Structures are given as C-alpha cells and as structure tokens.
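The form predicted alone is given below as one chain in structure tokens.
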C-alpha cells in the first residue's frame, strides 16, 4: 500500500538549512508578538513593557532576516524577492511583511534607546504592532503551501500553533525584562497563547490520520508543550517572585524554540517516507468512489 518507485521518496526533501530556517520561524514570531505587545504597552502607559518589547522586536526581526539571508546564500536573493508583490504567493507576501516590519521595529527601538524623535518612534512602534500578528503567522502559511504532507495537511492548525507560540515567547521576554508592575498584560497574553498552542498542537497530532504520526512522535513538540505549560503555571506567581518570573520566562522561550524546531522536523520526516503521500491519496480516492 505504501510502495513507491524502488522505495525511493516521492517528494524531494526540503532544502532549507538547519538551524537557519527553524530559527527564522521562531525569531519572526517572537518579533511580531513583541511588537504588538509593545504597542499595547505604549497605549496603556507601561514603559518597561514597551521598552523591552520594542528592543526584542527589533533584535529578533534583524536576526530573523539574517537567518533567512544565510539560508538563501547571499543578501541579493532576499532583495530580489522584493522586486514584485504577488498576492497569490505566500513567499512574496511574507517578504513584504518582513521587510517593512523590520524597518519599523528598528526605528521604534532606535527612538526608544536614544530618546530622539519620540513621535516618529511611536508611529513606527504602532506600525510594527499592526504588522505583528501577520509577522507571527505568515511563516505557517509558507509551510502549509508546500507539498510536504505534515505541513500541508495541518494548514488549519499551523497558524494557531505559530501564533500561540509567538505570544508565549513574547510573554517570556516580558517576564524576564519588564518591571513587575508591568507584567500583568504579558501574563494574560501568555495564557491565551498557551491555550491556542496546546489546543491546536493536540489537534495537529491526532486529527490527520497517518500524516499526524511525525507530530505525535516528536519529542521536541512534547518538550515544547511541557515547557509552555510550565511557563503558564509559574507565571501565576510572577507578580511576587522574581525567581518564578525568570523560570516562567525561560520556559516560555525554550518551549517556543522546541515547538518551531519540532514542527520543522516533523515536516521533513514526512517528506522522506512515501507512505505519507501514498496512503492519504489512496484513502481519498476510495472515499470519492464510495460517494
């Protein structure tokens, strides 16, 4: 039932480099959620949360671009992706989200550090915050738009997994860097992100038949879920305990890294085994015949 031509893989394994691309997935989500959190903190007068969010958004966005350029081989290839805007291409749309977001996040962080042009910095921070949710989730669309079975079949859940993971990662930074009196919104964002990530992740591991197997076997995804739940639990005590806040923040960040690497590895594994291509196709054909 799962035979292929001489047992060879039917799909070509993704050529993306490790750790470049999984790191790009994690850093982009962290940057987007941090920028959105910083914009909300600015609107509600939470200075330390705004500062940490802006600085992390700029740093993570820059590192994300660096990881992408390193995977591409040279900067000109990234610039070439900006020559056209194609709404039907997730890669083109993603490039046009990443480039302006990085510029706006860097401008907001520059104003935050130097104190220069606070009005411009605030506008840049708002712009980055508006683009933040798209920055958190567009990479999930990039993966789902491929022929890789585990990524393609999980297109309903991947945006929630990536979005939730981005929210918990940003909450983790806030637990580590923001003042205690400013952490309340970060705790709530972390809990919402945890619920999204865990619920969608479990659905991804159980809801797609044989294609869910690489996710269900992934030790990284299990570790990511455990660390995220640990972060959510300890963040309850973060208001009064620095140690609890530090451990919760570190757990959130480590959980985000594990989740992104786990999703990436599960997709690569599914591309190597012909059964993840052949079995769903045969089942779909049998289902269509019985209708």
Partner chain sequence: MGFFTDTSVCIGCKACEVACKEWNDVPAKELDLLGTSYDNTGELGANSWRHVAFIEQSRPSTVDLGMPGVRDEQDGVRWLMSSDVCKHCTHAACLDVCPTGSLFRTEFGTVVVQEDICNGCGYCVPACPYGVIERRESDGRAFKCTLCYDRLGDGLEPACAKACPTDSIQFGELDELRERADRRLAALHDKGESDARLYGRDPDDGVGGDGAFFLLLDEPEVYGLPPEPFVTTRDLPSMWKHAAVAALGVAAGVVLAFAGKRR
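Here the structure is a predicted model, which means the values were calculated and not measured. Numbering follows the first chain given and starts at 1.
This protein has a second form, the form predicted in complex with its partner chain, left out of what is shown; the following refers to that one.
- Just one of 115, 73, 219, 119 comes within 4.5 Å of its partner chain in the predicted complex, counting any heavy atom, and that one is 73.
- Residue in contact with its partner chain in the predicted complex (any heavy atom within 4.5 Å), chosen from 232, 60, 36, 258: 36.
- Heavy atoms of no residue among 30, 101 and 126 are located within 4.5 Å of its partner chain in the predicted complex.
- Residue contact check for residue 55: none of its heavy atoms lie within 4.5 Å of its partner chain in the predicted complex.
- In the predicted complex, its partner chain sits within 4.5 Å of a heavy atom of residue 136.
- Of the heavy atoms in residue 148, some are within 4.5 Å of its partner chain in the predicted complex.
- Put simply, residue 152 is close to its partner chain in the predicted complex: some heavy atom of it is within 4.5 Å.
- Contacts of stretch 228-264 with its partner chain in the predicted complex, defined by any heavy atom lying within 4.5 Å, are made by 239 alone.
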